[in-house]
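Single chain ahead, by itself, as structure tokens, in the form predicted on its own.
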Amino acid sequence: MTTSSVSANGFNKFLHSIRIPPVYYFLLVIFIGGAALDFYFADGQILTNRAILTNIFVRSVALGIVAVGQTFVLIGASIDLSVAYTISMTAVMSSFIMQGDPTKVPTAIFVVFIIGAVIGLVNGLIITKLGVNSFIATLGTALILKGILNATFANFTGSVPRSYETFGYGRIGPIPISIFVLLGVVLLGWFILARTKFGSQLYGVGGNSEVARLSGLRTHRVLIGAHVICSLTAVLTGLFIVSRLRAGAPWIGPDGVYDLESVATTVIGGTALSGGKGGVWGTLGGVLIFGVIDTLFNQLGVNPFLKNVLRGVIIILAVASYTLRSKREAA
């Protein structure tokens, strides 16, 4: 066998080993449908515009980062509804500490990441040690954070220095820095889930926590770790948002509906609510679907309520297709 044939066989095996998440077929359909609307209503001036295409990715950064963290907890058969207020807490506290002073940026970042880690730790401990359902536990944490924020801050507070705005507006060549950050978070999430012991244990805990426990896994520690990771991604999202808004306010997170939308995009991406199945590449596809819909509807001036209708239809169709596919594979 020649060297060229060996290389060809190896390349073919590599191609067959690549499993494209089904959500990207949904994304392709959405993009083609959007292109048809674009050419019919706007003479093809929207989705062929490089600036608008770049904006789709930039609009996806905030949701994409926190959705990666939500993927971790959903794989562990849990959920985190406190991420929206963790984002608000991060934005408010970071701008309050910075006060427009570049020398205070490292301190602000350190403090908000510590706060985020504590929030994730508390969520994980309540769920694992107290046996509280994750939906109720994280909803309770969200209400506590909401109360603290609303009692302490009434409006935009503090400010970020101009140098920090590079996070939200800076570019490396033609590509915004924030897109590199999103891709970096996705790659790191993929590596942890696919190439580390923690990742394999998380899938085991989500698939069947009792079997995992009897197999010797420290299931509580794994699930707590997933919640800490989720909260840290919410912190990073908050830091990104405040770099674009230049100041934080208590309503930033809930107004963005990052709690429900992070769950929705993760589920669209193929992560099962029952746990044990999913991945961050699928989540990225779900986030991009929302990004394309948002950008297209805004550019065409379509009623925003119709956007929510379409999102709901996509969620139902995506979950239904995954369910049917799982049944066929099991048959």
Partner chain sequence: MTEEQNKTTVLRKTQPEPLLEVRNITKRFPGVLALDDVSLKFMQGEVHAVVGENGAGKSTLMKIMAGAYIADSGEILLQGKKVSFSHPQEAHEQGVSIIYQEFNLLPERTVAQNIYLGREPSKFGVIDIRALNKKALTVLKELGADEMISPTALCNTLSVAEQQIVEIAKAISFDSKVLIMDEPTAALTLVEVRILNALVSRLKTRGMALIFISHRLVEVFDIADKITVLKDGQLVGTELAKDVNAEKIVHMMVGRILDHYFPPLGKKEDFGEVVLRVNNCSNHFLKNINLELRKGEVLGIAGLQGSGRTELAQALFGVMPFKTGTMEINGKTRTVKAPSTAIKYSMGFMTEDRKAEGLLPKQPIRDNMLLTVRSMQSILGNIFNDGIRKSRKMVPTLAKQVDVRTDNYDREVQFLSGGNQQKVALSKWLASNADIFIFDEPTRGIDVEAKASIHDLIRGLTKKGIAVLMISSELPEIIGMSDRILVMWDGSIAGELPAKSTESDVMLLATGHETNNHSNKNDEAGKE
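Residue numbers count along the first chain shown, from 1. Note that the coordinates shown come from a computational prediction; the quantities given were computed from them, not determined experimentally.
Unshown form predicted in complex with the partner chain; subsequent notes refer to it.
Engineer: Can you work out which of 107, 166, 99, 200 has a heavy atom no more than 4.5 Å from the partner chain in the predicted bound form?
Structural biologist: That would be 200.
Engineer: Can you pick the one in 217, 77, 232, 224 that has a heavy atom within 4.5 Å of the partner chain in the predicted bound form?
Structural biologist: Only one option qualifies, and that one is 217.
Engineer: Taking 4.5 angstroms as the heavy atom distance cut-off, pick the stretch from 188-196, 168-176, 99-107, 224-232 that is near the partner chain in the predicted bound form.
Structural biologist: Residues of 188-196 come within 4.5 Å of the partner.
Engineer: Applying a 4.5 Å heavy atom distance criterion, does residue 158 contact the partner chain in the predicted bound form?
Structural biologist: Contact with the partner chain, no.
Engineer: Is residue 276 close enough to the partner chain in the predicted bound form to count, meaning some heavy atom within 4.5 Å?
Structural biologist: Yes, contact at 4.5 Å.
Engineer: In the predicted bound form, does residue 211 come within 4.5 Å of the partner chain, counting heavy atoms only?
Structural biologist: Taking the distances in the predicted bound form, the answer for residue 211 is yes, it comes within 4.5 Å of the partner chain.
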